[in-house]
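Next up: a single chain in structure tokens, the form predicted alone.
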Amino acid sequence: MRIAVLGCGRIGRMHAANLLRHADTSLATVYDIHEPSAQEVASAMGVAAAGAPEEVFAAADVDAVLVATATETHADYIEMAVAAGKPVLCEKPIDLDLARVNRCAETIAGSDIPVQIGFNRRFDPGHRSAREAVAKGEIGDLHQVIITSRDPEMPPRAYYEVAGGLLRDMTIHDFDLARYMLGDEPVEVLAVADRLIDPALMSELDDHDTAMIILRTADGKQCHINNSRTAAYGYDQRVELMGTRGMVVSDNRRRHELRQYSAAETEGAAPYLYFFIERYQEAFMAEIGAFVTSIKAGTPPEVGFEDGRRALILAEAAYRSIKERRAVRVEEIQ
């Protein structure tokens, strides 16, 4: 399947390389508003760069589109892809504004063109196995989910200026993962967020670098999400599911699993894989595979537009909880 990539930043470059490696895909073309970036990636990948997004959507030799551009363009490109009849895999979030997401939903309503949202963590082998264990009843009735997501270091200021806030940018992955693991929709959100790592910068930008969120479903299942923009020991990605008969854990990943024991230390181990591109490499490849499968089978993507919308709704509920210092019913946002 010939897939074009819009956006040649860090994650766009990764997707372009993955499309070349994947057995079921090829890279058709790339585009970026910054032409030198597009030319650099195109040259490295052995394809021609497109001069405008309209060229990509009109091209007969492009079967589908992968959107990895700035967030403010996502909804526009989803609408353009659907109008052109091209399936689209779009990075999260759909937009930072829920009203814009709702307008996009109205625009593409009734179309059977696949729209997949890039919540790649659902496709991580460990996370997926944990969810399957619950589905098979291996831990009994699910009661609690704990999601830990901590970055290895703070991103640059320029990133914060366009990211839209911790909960819409970073935690939105965890909101989707919570829905996936719980197998149910949260109905209530309680959140706290603080400025512990760089208080001055966070205050200036009206953002947060540390947060904890509690989600509750209608039948009382609980999910605890904890986030930090830095962790001195590396990229920390863990999921724990506890039920009436036991628990399953999807843990961190290392370059290798060697343990060292000496008089100075026990269980010394290699550092965690550095960041999301390394940690979730298998998940990103599986995400592409799922996208292709849905197109060929004519079935809705496993992670569709509505999943992206619902994750943003949870983020907005969490922000209201922080502001008003109370638990917020999700229906208040909807």
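All values reported here derive from a predicted model rather than from experimental measurement. Residue positions are given as counts along the sequence shown, with the first one as 1.
Same protein, other form: the form predicted together with a further copy of the same chain, not shown, and the subject of what follows.
*Among 172-180, 120-128, 103-111, 82-90, the region lying within 4.5 Å of a further copy of the same chain in the predicted bound form by heavy atom distance*: Stretch with heavy atoms near the partner: 120-128.
*Can you pick the one in L98, A163, M202, I214 that has a heavy atom within 4.5 Å of a further copy of the same chain in the predicted bound form?*
In short, I214.
*Counting only heavy atoms and a 4.5 Å cut-off, does a further copy of the same chain in the predicted bound form sit next to every one of V248, L258 and A270?*
Spot residues vs a further copy of the same chain: full contact, yes.
*Is the gap between D61 and a further copy of the same chain in the predicted bound form 4.5 Å or less for some heavy atom pair?*
No - in the predicted bound form, heavy atoms of D61 and a further copy of the same chain never come within 4.5 Å of each other.
_Partner proximity in the predicted bound form: A135 to a further copy of the same chain, non-hydrogen atom cutoff 4.5 Å_ = No, A135 sits far enough from a further copy of the same chain in the predicted bound form that none of its heavy atoms falls within 4.5 Å.
*in the predicted bound form, does Y233 have a heavy atom within 4.5 Å of a further copy of the same chain?*
Within the cut-off, so yes.
*in the predicted bound form, does D194 have a heavy atom within 4.5 Å of a further copy of the same chain?*
Although a further copy of the same chain is absent here, D194 would touch it in the predicted bound form, with heavy atoms inside 4.5 Å.
*Partner contacts for 224-239, taking a further copy of the same chain in the predicted bound form and a 4.5 Å heavy atom cut-off*: Heavy-atom contacts within 4.5 Å come from H224, N226, N227, S228, T230, A232, Y233, D236, R238.
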